[in-house]
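In the block that follows, a single chain appears as structure tokens, in the form predicted alone.
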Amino acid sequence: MKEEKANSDFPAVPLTLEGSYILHQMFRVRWSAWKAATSVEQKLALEEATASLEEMEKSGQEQSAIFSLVGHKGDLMILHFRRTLDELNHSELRVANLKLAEFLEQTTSYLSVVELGLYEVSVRLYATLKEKGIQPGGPEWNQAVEAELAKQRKAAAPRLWPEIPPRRYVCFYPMDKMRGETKNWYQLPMTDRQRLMREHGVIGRRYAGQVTQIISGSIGFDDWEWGVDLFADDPLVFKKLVYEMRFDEASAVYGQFGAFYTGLRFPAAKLGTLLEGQTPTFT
């Protein structure tokens, strides 16, 4: 009981680290308009789009990638990672001003930022500061928090500013934590959420090597609270991982999921193959 009371005095919000801004753009090809275009119009549109997208996909940590979507939700997904929101907007406008955009209909998009949640670090730091009698929100508290965040940012830099994993398949979906009348993630004590997220992470680590996962935060940016990108060379891994996680308490009780988008990555140089109605290869 004493421990529960002490934990209730912690700030409710865990510390987080933020990195690359991410934009998912989903498009449907206006096939009738594309087929009605002259061969010259198609050639000019394709050459311009290929050159522009090839340039964007070679930029390392500020990279874009193209995927052929499977299913009715779209034909094409362009994924952008950028250092700033301004640069992300520039990439979006750059795509919008391509001649090819006249033959595309954007079905949806998703804005987020790479996020690393620091539940373990937060609980440990908050407990240490409380033991020293340092009150939340005061100068000493804020100074200690900023020092810890700086240390964590340095250690986690590769995860905060990742390149888009060079794998054939992607699965993207947004998600929320439950805020219902009987179950509310945001009313759980910090240590309960810490335990649930630790257990949740154990499942993901069992798939290390098979799948690369990038979690991004979208609270205040988009309609859901987080975005999840899974990258793998075997698409069945997506089903197995997500299915196993559904039995985890954090997901089974508190997880809510949006639409899933699954696609096949291909280089910009193969964009013409997709517009010819064929599946572009990865290499």
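Residue indices: 1-based, along the sequence shown. Everything quoted here is computed from the prediction, not taken from an experiment.
The same protein also has a form predicted together with another copy of the chain, omitted here; what follows describes it.
Non-hydrogen atom contact Gly220 with another copy of the chain in the predicted complex at 4.5 angstroms | Yes.
Do Asn89 and another copy of the chain share at least one heavy atom pair within 4.5 Å in the predicted complex?
-> Yes, contact at 4.5 Å.
Determine whether any heavy atom of Trp226 comes within 4.5 Å of a heavy atom of another copy of the chain in the predicted complex, and answer yes or no.
-> Trp226: contacts another copy of the chain in the predicted complex.
4.5 Å heavy atom contact, Leu85 and another copy of the chain in the predicted complex | Yes - in the predicted complex, heavy atoms of Leu85 and another copy of the chain come within 4.5 Å of each other.
Contact residue in the predicted complex, chosen from Glu163, Glu120, Glu102, Asp192 - any heavy atom within 4.5 Å of another copy of the chain = Here the answer is residue option Glu102.
Let me know the one among Ala37, Leu69, Ala232, Leu46 whose heavy atoms come within 4.5 Å of another copy of the chain in the predicted complex, would you?
-> By the 4.5 Å criterion, the partner-contacting residue is Leu69.
For 17-51: residues with a non-hydrogen atom within 4.5 angstroms of another copy of the chain in the predicted complex?
-> Residues within 4.5 Å: Glu18, Tyr21, Leu23, Trp31, Ser32, Lys35.
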